[in-house]
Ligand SMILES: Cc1cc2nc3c(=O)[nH]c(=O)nc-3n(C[C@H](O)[C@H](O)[C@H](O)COP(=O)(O)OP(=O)(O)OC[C@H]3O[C@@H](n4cnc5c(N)ncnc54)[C@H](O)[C@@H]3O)c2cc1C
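Okay, here we've got a single chain as structure tokens, the form predicted on its own, with questions on binding and movement later.
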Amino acid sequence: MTTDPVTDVLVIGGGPAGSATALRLARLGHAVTLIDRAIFPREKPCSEYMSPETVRHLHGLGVLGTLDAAGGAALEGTQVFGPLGSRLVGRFAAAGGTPFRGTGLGLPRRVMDAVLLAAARAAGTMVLEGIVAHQLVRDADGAVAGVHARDADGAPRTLRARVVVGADGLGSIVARRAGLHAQGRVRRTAFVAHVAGVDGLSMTTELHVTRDGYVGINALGGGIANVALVVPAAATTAARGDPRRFFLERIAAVPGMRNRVSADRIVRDVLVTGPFDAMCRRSTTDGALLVGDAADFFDPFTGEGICTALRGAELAAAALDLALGRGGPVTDRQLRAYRVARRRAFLGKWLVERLIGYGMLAPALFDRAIARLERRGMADTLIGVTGNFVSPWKMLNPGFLLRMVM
């Protein structure tokens, strides 16, 4: 067994949350090691949609120029099609608030994640790929002190750190082994593919809501679209053994998607992720902190998991910088500032996400709300809120909510 030297921070997961956290901490002068089970670049099931606020975070990390040059798609806003025929169109540039620019960005995670990881490495992070963490290391007092892992050859390896950052997504090993993971009731699963030549593809993201799920579609550049089918997790038993067939059959049954996606146009096969509505009972414990999807992911409908990951990384790095500067063990009490900051930053958006997610369970009411938002000129506000650059409290007030349904 290989035992690595103790580092300041051990980040588990090389997605946006993990790479951004590592990048920020390395720039602050901390010794950071990041491990991921994958070898980059790698594919990742995701909506691959970024609002102007996500773009702002990427600019702050110093990688936006590289990503813009990679040939993604400039996204102007979102169209939502209700289950009974209603429709709204919201545009970033008309939403108010403080958008970084008038467009978001559609770009494959294969590209974006590799760029962020390379930036973290360039900042001084030790990046170890093909390493699978499977258990936590505990110190004599029971605090998290590292992970037991296996390398690409299956050889055991122990990595120790003053603090472990769980950025390892929905099924986070860190969250589960630390007893922090919890599962909600709105269990949905996504089937995601890259499709060429989708008829009617524009620079506006589409969300087609049905009675038992929805389909999301957005441009990625180069004539390629990300197409995501989201259904109740219970329905996925029909996909066993042939997720592509399930994906195509369910897509074809959605009125706004008929004849727009076919098997011969799929250029990256169907990947599956979920179930969603995963959360943590607590985002910190002695020696460990959760960030990104490992900490909370309700549903991909708002398409802003990347933004939450990058903002969460910013909050995590600030809290960890202070805790590490005190010397000695990093305790749950020292990380309280992170929990408080997360609640302040995300509470309103959490409520909006759940309002939308549970609203879809009542198709007639959801359709009525979509129609009224469009007719009463409120669609741009909704898109600004879901895009994180308009305050969620613009929606979460009695006046707005009553106008939405009455």
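As the structure is a prediction and not an experimental result, all values here were calculated from the model. The first residue of the shown sequence is 1; numbering continues from there.
Below, we refer to the form predicted together with this ligand, which is not included among the displayed structures.
### Task
Could you tell me which one of Leu248, Ile173, Ala239, Ala319 places a heavy atom within 4.5 Å of this ligand in the model of the complex?
That would be Ile173.
### Message
Only one of Gly72, Gly82, Pro300, Gly213 gets a heavy atom within 4.5 Å of this ligand in the model of the complex. Which one?
### Response
Contact with this ligand in the model of the complex is made by Pro300 alone.
### Task
Mark Glu304 yes when one of its heavy atoms lies within 4.5 Å of a heavy atom of this ligand in the model of the complex, and no otherwise.
Within the cut-off, so yes.
### Message
Given that this ligand is not shown alongside this chain, does Asp168 nevertheless sit within 4.5 Å of it in the model of the complex, heavy atom to heavy atom?
### Response
Result yes; Asp168 sits at the interface with this ligand in the model of the complex.
### Task
Examine Leu10 and determine whether its closest non-hydrogen atom to this ligand in the model of the complex is within 4.5 angstroms.
Output for Leu10 is no: heavy atoms all beyond 4.5 Å of this ligand.
### Query
Could you tell me if Ala38 has a non-hydrogen atom within 4.5 Å of this ligand in the model of the complex?
Flag for Ala38 set to yes.
#### Entry: One stretch from 89-97, 281-289, 321-329, 132-140 that, in the model of the complex, holds residues within 4.5 Å of this ligand by heavy atom
That would be 132-140.
### Message
Heavy atom within 4.5 Å of this ligand in the model of the complex: which residues of 11-33 meet that condition, in order?
### Response
Residues within 4.5 Å: Ile12, Gly13, Gly14, Gly15, Pro16, Ala17, Gly18.
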